[in-house]
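Only one chain is shown below, in structure tokens, and it's the form predicted on its own.
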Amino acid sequence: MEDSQLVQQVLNGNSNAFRFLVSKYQRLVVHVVGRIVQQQDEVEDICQEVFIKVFKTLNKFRNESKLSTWIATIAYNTAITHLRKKSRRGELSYSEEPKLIGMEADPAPNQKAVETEEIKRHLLKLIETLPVHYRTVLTLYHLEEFSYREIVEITGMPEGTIKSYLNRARMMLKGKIDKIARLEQTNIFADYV
């Protein structure tokens, strides 16, 4: 079912269509929110809030952008608003360990697959240590495969800023990988740098 048909079905009151919409875009919302807010229980609450907002404002969706971009924008804005509220209340802690979303290991019989999963896990941990705007832009561009134009729509940042953040994020990530390679005398990230 195309997104325009899906939206129309939801607007017509089809609850199964909304369940389908949620399942279709749940991963995207978790990725966007999870890169900004790193507390697992808060991520779940914010994701629910995002889909409530999607449901309540779906009649305002005008097909001027992709549905995924529109939903990612709501997710981004909701997570940033949550972070700002938390910051104003003085609840942010910079010593909290970043939590990864959806990283259950898939046990593979093949050693190469296990190593690949381990490398991905390490890369995601490194991404989580980047400043919030860097990891958000990196996630949207590389993991969610949004274009620069779509990221501009989602975040409201100018395209030049997005490109700059993306470049800085890559450089910071490369620096962290190089440091690990030197300290541990390993080359496990060779395929990813």
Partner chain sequence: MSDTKKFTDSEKLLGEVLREEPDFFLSDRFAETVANKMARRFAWNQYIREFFIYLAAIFGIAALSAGIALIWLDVNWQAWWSFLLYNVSWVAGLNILVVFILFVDRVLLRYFSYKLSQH
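Residue numbers count along the first chain shown, from 1. As the structure is a computational prediction, the values presented were derived from the model and not from experiment. If you superpose the two forms and keep the largest set of C-alpha atoms that fall within 1.5 Å, you have the rigid core.
Only in words, not in the display: the form predicted in complex with the partner chain, which the text now covers.
In the predicted complex, no heavy atom of Arg149 sits within 4.5 Å of the partner chain. At a distance threshold of 4.5 angstroms between non-hydrogen atoms, Val30 is in contact with the partner chain in the predicted complex. At a distance threshold of 4.5 angstroms between non-hydrogen atoms, Phe51 is in contact with the partner chain in the predicted complex. When the partner chain is considered in the predicted complex, Glu128 lines it closely, a heavy atom lying within 4.5 Å. This chain is drawn without the partner chain; in the predicted complex, the residue among Leu124, Val132, Met157, Leu58 with a heavy atom within 4.5 Å of it is Leu124.
Of all the residues from 17-48, those having a non-hydrogen atom no more than 4.5 Å from the partner chain in the predicted complex are Phe18, Arg19, Val22, Ser23, Gln26, Arg27, Val30, His31, Gly34, Arg35, Gln38, Gln39, Gln40, Val43, Glu44, Cys47, Gln48. Once both forms are fitted on their core, the CA shift for Ile74 between the shown form and the other one remains under 2 Å.
With the core superposed, Leu123 shows a C-alpha displacement of at least 2 Å between the shown form and the other one.
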